[in-house]
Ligand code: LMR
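For reference, the chain that follows is the form predicted alone, supplied as structure tokens.
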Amino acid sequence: MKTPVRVAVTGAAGQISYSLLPRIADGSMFGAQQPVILQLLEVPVEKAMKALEGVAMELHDCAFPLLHDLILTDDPKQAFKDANWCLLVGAKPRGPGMERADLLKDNGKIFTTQGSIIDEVAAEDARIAVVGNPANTNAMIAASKARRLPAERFTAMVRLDENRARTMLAHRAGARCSDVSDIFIFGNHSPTMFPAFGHAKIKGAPAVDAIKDRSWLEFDFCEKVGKRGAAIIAARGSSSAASAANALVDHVRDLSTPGKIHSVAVKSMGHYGFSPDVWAGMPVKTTAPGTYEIITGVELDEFAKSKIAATNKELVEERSMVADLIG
């Protein structure tokens, strides 16, 4: 039997985690032979901790063979202790009348604390995946507090955008999702992100040839991918949870699988015209479990470059809003 992987999950009683935790426990994230220990963190509020107890009851009642232990806590040091993966799902949502700068600062304080504690107590091989929005900037903030763990260990999730883009291209072309490849997400996990359709393929042929509607690709497609989250809220009255959980499973599984090529928000290092110190979505190739290299050399036309410039501008603005929290 393999040594269990310790997985810390924040916001563990929330909607995303309710869909996520069974997928971790059943082997979807780390494989059918890999046991796990779930270390679940919630805020120190009686209602939240009571809900977390209910989540734990359901996980126990599923009798997952791979689930070796559950730790329920409101103490980040206990939740992140010796964790191999830290999945930062929990974040403060944007409330009515709240400015984006206020949200950034409020969540920045959360990720400042979590980044410091993870660096202090997590396992030597710890990897961090940020889901709580604004995910790119929260990952940057958390990474800025790390002294032991390198910046490349901190990633943010743009896989949901990639999955949405793949599905929309497939539907437009009358194809299956599995027929779409090489669709990469550049930039922020926000409406400014850019799904690089010019590089995508459908059944091995360029997507622009399969769809033959440049106007739809540049306008409808980009806008629908970027605003899909808002459309889901309008339709169901709450934000996307199951699809976000599924995307996080994809994100971690592919970062654990050598050879996988996928979209991840990472420290840009100046690639593709991004400011060097922002976390931006871009294509990566997993080289070893938990390790990746940024794929460079993806050809971008002037339209793509303009879209990347716009999303980079937003990321730089977000960084400036939380400048006092970084370092």
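Computed from a predicted model, the values in this text were never measured in an experiment. The first residue of the sequence shown is number 1, and the count goes up from there.
The same protein also exists as the form predicted together with (2S)-2-hydroxybutanedioic acid (LMR); that form is not shown, yet it is the one meant from here on.
Screening 171 to 179, 251 to 259, 118 to 126, 222 to 230 for residues having heavy atoms within 4.5 Å of (2S)-2-hydroxybutanedioic acid (LMR) in the predicted complex returns a single hit, 222 to 230. Of the candidates T192, N133, N246, N163, N133 is the one whose heavy atoms come within 4.5 Å of (2S)-2-hydroxybutanedioic acid (LMR) in the predicted complex; the others do not. Put simply, of K77, R100, R214, K201 only one has a heavy atom within 4.5 Å of (2S)-2-hydroxybutanedioic acid (LMR) in the predicted complex, and it is R100. Proximity of S240 to (2S)-2-hydroxybutanedioic acid (LMR) in the predicted complex: non-hydrogen atoms within 4.5 Å are present.
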